[in-house]
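The chain below stands alone and is given as structure tokens, in the form predicted alone.
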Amino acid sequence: MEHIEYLRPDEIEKRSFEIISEELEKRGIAISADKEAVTKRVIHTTADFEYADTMCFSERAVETAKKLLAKGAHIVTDTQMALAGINKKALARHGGEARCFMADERVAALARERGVTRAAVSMEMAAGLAGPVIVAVGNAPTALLRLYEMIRKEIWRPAFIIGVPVGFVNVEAAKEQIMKTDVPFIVNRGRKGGSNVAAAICNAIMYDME
């Protein structure tokens, strides 16, 4: 029979992170201090230790994201699920707002008219926001592909990209394209990811600022 740990609600998350640290040590995996908070929270969210190997960070990525958030950067997601998972109060303390344009009727109309995904059009809507924008993509590789095109054509350059879409079609290629740009990023290589992972990365950065 599995051992049951009886913990108070406020102790559960702390114990989870202790277990993650213990298991990483057993596996001989060392995570650098600047990437530790993000990587461990992603593992906490997914219970998947493979993220310790596949998470990719541009130079000083977390430090850069913290500076942007401290200046009131907004976060734009590609799904309502990622939007729901982001800690809005923590973001608001720094003057930022979380947005998702996927349910916008204008986005749906433009996507139908042009024969593209709403996620791609949502990235164009994000370009219209004032101030620095952190884009957090957890589901749609087409959002990353459109971002790459906009960056390459000098249409718009987001301040930071979190690229962790999950799936099989164009997912890996889209992530690799983003890592070739000069935009600071956090990307998970391979097929794994998800809206929950995108939100976890955003929250990990904000919690590490407190």
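Just so it is clear, the structure is predicted and the values come from calculations on it, not from any experiment. Start at 1 with the first residue shown and count on from there.
The same protein has a further form, the form predicted in complex with a further copy of the same chain, not shown here; the description that follows concerns it.
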Item to check | Candidate stretches 126-134, 94-102, 81-89, 68-76, one within 4.5 Å of a further copy of the same chain in the model of the complex by heavy atom | outcome: 81-89
Next on the checklist: residue 53 versus a further copy of the same chain, in the model of the complex: is there a non-hydrogen atom within 4.5 Å?
Outcome noted: no
Checklist entry - How about residue 24: is it within 4.5 Å of a further copy of the same chain in the model of the complex, going by heavy atoms? => result no
Checklist entry - According to a 4.5 angstroms non-hydrogen atom cut-off, is residue 48 in contact with a further copy of the same chain in the model of the complex? => result yes
Next on the checklist: So, residue 61 and a further copy of the same chain: in the model of the complex, are they within 4.5 Å at any heavy atom pair?
Outcome noted: no
Checklist outcome for this item: Contact with a further copy of the same chain in the model of the complex, heavy atom within 4.5 Å, among 159, 150, 31, 166 goes to 166
Next on the checklist: Pick out the residues of 95-127 whose heavy atoms come within 4.5 Å of a further copy of the same chain in the model of the complex.
Outcome noted: 115, 116, 117
